[in-house]
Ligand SMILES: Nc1ncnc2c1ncn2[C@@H]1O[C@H](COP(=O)(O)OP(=O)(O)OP(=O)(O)O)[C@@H](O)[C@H]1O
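One chain comes next, on its own, written out as structure tokens in the form predicted alone.
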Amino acid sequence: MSTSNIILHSERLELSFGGIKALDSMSVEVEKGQILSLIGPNGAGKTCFINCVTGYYRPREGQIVFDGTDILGMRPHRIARLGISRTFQNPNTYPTMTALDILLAARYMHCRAGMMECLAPFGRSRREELQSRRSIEEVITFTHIEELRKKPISMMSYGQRKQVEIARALVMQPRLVLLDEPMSGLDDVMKEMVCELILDMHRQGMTIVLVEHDIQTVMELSHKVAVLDHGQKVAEGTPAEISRDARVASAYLGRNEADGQQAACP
């Protein structure tokens, strides 16, 4: 495989909390335009990996390269400006903020106008605000959250908060999106909507790393699946290859998935 097709390369990541190893010689590569899923039990290191890639955690050892740039040790805002965005398992923010407020705050990273420029009703600050508004409206339409535009977070359902969380990640104009358990806590109808949204993101050319416990979704959406356990990658392959791995199927997928009886995700 050509290295020019690799957008994210992580190698031998070591991360510990006290005497507990969260990541143990963890190595993952993500191809451009790929949907890669990370699966494994709670505590396997999936979210720790995302936190390392986005700069929230700094591994003790290893390497993380994004599209040719070494990002290990970079601050989160610098990594975001390079084109990496993420969602969180539990989307929390100020309860009085509306969806529009949240998306405007996420767009701030693309603004360069200084304080004095922001006081003027014209110039670069005005141009950046108009561009941000246009980008936000495009994302609102893309994620189908038009009715949530002016709705406070405190008045949204958990599923609606998940939609806004994905929209917040997209308004940052990423090339790589890390989705941390986007299906958790959702009913079947909302899961279908999020599945369609992930597929639409892929059709738009985005590269996606999906951390998910919903194995049916993982098997339907993924190009490649990496299985983690105790901070180590214990298996990797296509969904078909992973479903045929007896050890993986027994430990993580359950009997139905091991028999190849996955349900379809639209």
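Residue positions are given as counts along the sequence shown, with the first one as 1. Computed from a predicted structure; not experimentally measured.
The protein also exists as the form predicted in complex with this ligand; that form is not presented, and the subsequent description refers to it.
Original post:
In terms of non-hydrogen atoms within 4.5 angstroms, which of the given stretches 232-240, 36-44, 198-206, 216-224 touches this ligand in the predicted complex?
Top reply: Result for this chain: 36-44.
Original post:
Just to confirm, residue 20 within 4.5 Å of this ligand in the predicted complex by heavy atoms?
Top reply: Result yes; residue 20 sits at the interface with this ligand in the predicted complex.
**OP:** Classify residue 165 as contacting or not contacting this ligand in the predicted complex by the rule of any non-hydrogen atom within 4.5 angstroms, answering yes or no.
**Re:** Heavy-atom contact with this ligand at 4.5 Å: absent for residue 165.
Original post:
Is there a heavy atom of residue 173 no more than 4.5 Å from a heavy atom of this ligand in the predicted complex?
Top reply: Answer no; every heavy atom of residue 173 is more than 4.5 Å from this ligand in the predicted complex.
Original post:
Looking at the partner-bound form in the predicted complex, is residue 28 within 4.5 Å of this ligand by any heavy atom?
Top reply: Flag for residue 28 set to no.
Subject >> Partner-contacting position among 160, 131, 98, 89 - heavy atom within 4.5 Å of this ligand in the predicted complex >> reply: Flagged contact: 89.
Subject >> in the predicted complex, residues of 171-193 near this ligand [heavy atom within 4.5 Å] >> reply: Just 181.
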